[in-house]
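This document starts with one chain, in the form predicted alone, laid out as C-alpha cells.
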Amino acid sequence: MSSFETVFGGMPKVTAQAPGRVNLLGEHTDYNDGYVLPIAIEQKTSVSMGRNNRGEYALCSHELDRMVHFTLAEPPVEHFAAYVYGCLMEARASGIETGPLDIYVESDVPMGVGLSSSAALEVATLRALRALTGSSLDDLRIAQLAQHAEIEYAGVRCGIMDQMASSLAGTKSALFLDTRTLERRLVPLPPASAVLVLDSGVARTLAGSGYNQRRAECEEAALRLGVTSLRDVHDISKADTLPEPLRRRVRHVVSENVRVLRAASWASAKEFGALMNASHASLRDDYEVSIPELDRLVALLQAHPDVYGARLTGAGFGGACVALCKPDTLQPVARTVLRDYAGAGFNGRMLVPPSDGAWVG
C-alpha cells in the first residue's frame, strides 16, 4: 500500500485533513446568496506535503493511483489535479509562496455522490499550506480561497456552501449559513432523529452536468426581475412574468430558502422531514436536477415508517440521498430500502454513518 513515504522516499513536513459534508436542506441556494444547512461527515480527505528541489510539483492520489507532475506556469491537464493546482494559485495570490512540493492525497470521502469530495480536497490542501508556511489564514478565508479555486481552475461555478461546511462545520450540529453575509450558527438536529445517507449508484460530475446551466438560468432570472440575486425575491408570484424554465427555477430557490429558515428555527423531526420531502419535490419538478434513480430511492425512503423525510443531497444529476430517521433505525432502514431498490433494478449502497453519536439528535 502506498504512502507519502513509499512514494516520495521520506516523511512529509505537514499533514492536514478536512471532511466532506451532507446538505440537509438548501440545495442550489448558495450561489443565489441564499440559506443552507449542511453538516460535516466523518469521512475526511488527508493532504500531506513536503518541499522538494526538483523544480516541479509532484501530486500523488492514493485512491486514483495517479501521479501528476506540473509547475505553476504549466497547469496539469488531469481534472483532479486542477483542484490542488487552483489552491496553490489562490494561495500564491494571497502571498503564500512555497516553491515546488511533493503532495500526497488520500481520502475516504466518497467521490461523485454529492458529499463534496472536491471541497474536502481543497480545504485540506489549503490547511496543509497554512501549516507548512505558518500563514495566518483563518478558516473563513480558507473556505473563500477554496471556492475561488474550484470556480477558476476546475470550471465549476459553485457557491460557497461546500467549502464553508468543510472548513467550519462539525458532525454534531448542522451549520446554518447565510451565504450572502456569511453569518452562521450551529443548529442541533431535531430531537429523536438521526441522519442516513444512501448512494444511488449513479455518479455525477458537476463540470459536465447541468450545474453551470442552472446557475446561468438563475442569473438570467435575477436580471429580468431587476434584483442582484434570487435571494432578493421573497414573493414567488413575482416569477409569474418569466418564461419557463426561469419561472420554475425562481420558485425552487425562493421556496427552498423558506424551508431552510423554517428548519433552522427548531423544527421538530416530523416538521423537518416534511420540509425535506418538499425540497425533493421542488428539486425534481422545478429545478429538474433529479433523475429516476434518485426519485426511486427517495420514494422508498419516504415510504418507510421509520423515516421522517428524505431528499436528494448535493447538486443532483446522480449521487446520494439524505434521510432523517428515528434513532437506532439506520441499519434496518438502509437494508430494507436498498433491498427494494435493488429489486427495482438499481444498485445502491449505504454510506456508513458515524459511530460516535454524530448525526444524531
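Numbering starts at 1 and runs along the sequence shown. Keep in mind that this is a model prediction, so the values were computed, not measured.
The discussion below concerns the form predicted in complex with alpha-D-galactopyranose (GLA), not included here.
**Student:** Can you pick out, from Y153, Y211, F176, F80, the residue that has a heavy atom within 4.5 Å of alpha-D-galactopyranose (GLA) in the predicted bound form?
**Tutor:** Contact residue from the list: Y211.
**Student:** Would you kindly say which of L294, C325, A334, A315 lies with a heavy atom within 4.5 Å of alpha-D-galactopyranose (GLA) in the predicted bound form?
**Tutor:** None of the others qualify; the residue that does is A315.
**Student:** Would G159 count as a contact of alpha-D-galactopyranose (GLA) in the predicted bound form, using a 4.5 angstroms cut-off between non-hydrogen atoms?
**Tutor:** Output for G159 is yes: heavy atoms within 4.5 Å of alpha-D-galactopyranose (GLA).
**Student:** Is there a heavy atom of F70 lying 4.5 Å or less from a heavy atom of alpha-D-galactopyranose (GLA) in the predicted bound form?
**Tutor:** Result no; F70 lies far from alpha-D-galactopyranose (GLA) in the predicted bound form.
**Student:** So, G26 and alpha-D-galactopyranose (GLA): in the predicted bound form, are they within 4.5 Å at any heavy atom pair?
**Tutor:** Although alpha-D-galactopyranose (GLA) is absent here, G26 would touch it in the predicted bound form, with heavy atoms inside 4.5 Å.
**Student:** So which of 325-333, 29-37, 57-65, 43-51 is the stretch with heavy atoms within 4.5 Å of alpha-D-galactopyranose (GLA) in the predicted bound form?
**Tutor:** Partner-contacting stretch among the options: 29-37.
**Student:** Which of the residues spanning 241-267 lie within 4.5 Å of alpha-D-galactopyranose (GLA) in the predicted bound form, based on heavy atoms?
**Tutor:** Nothing in this stretch is in contact.
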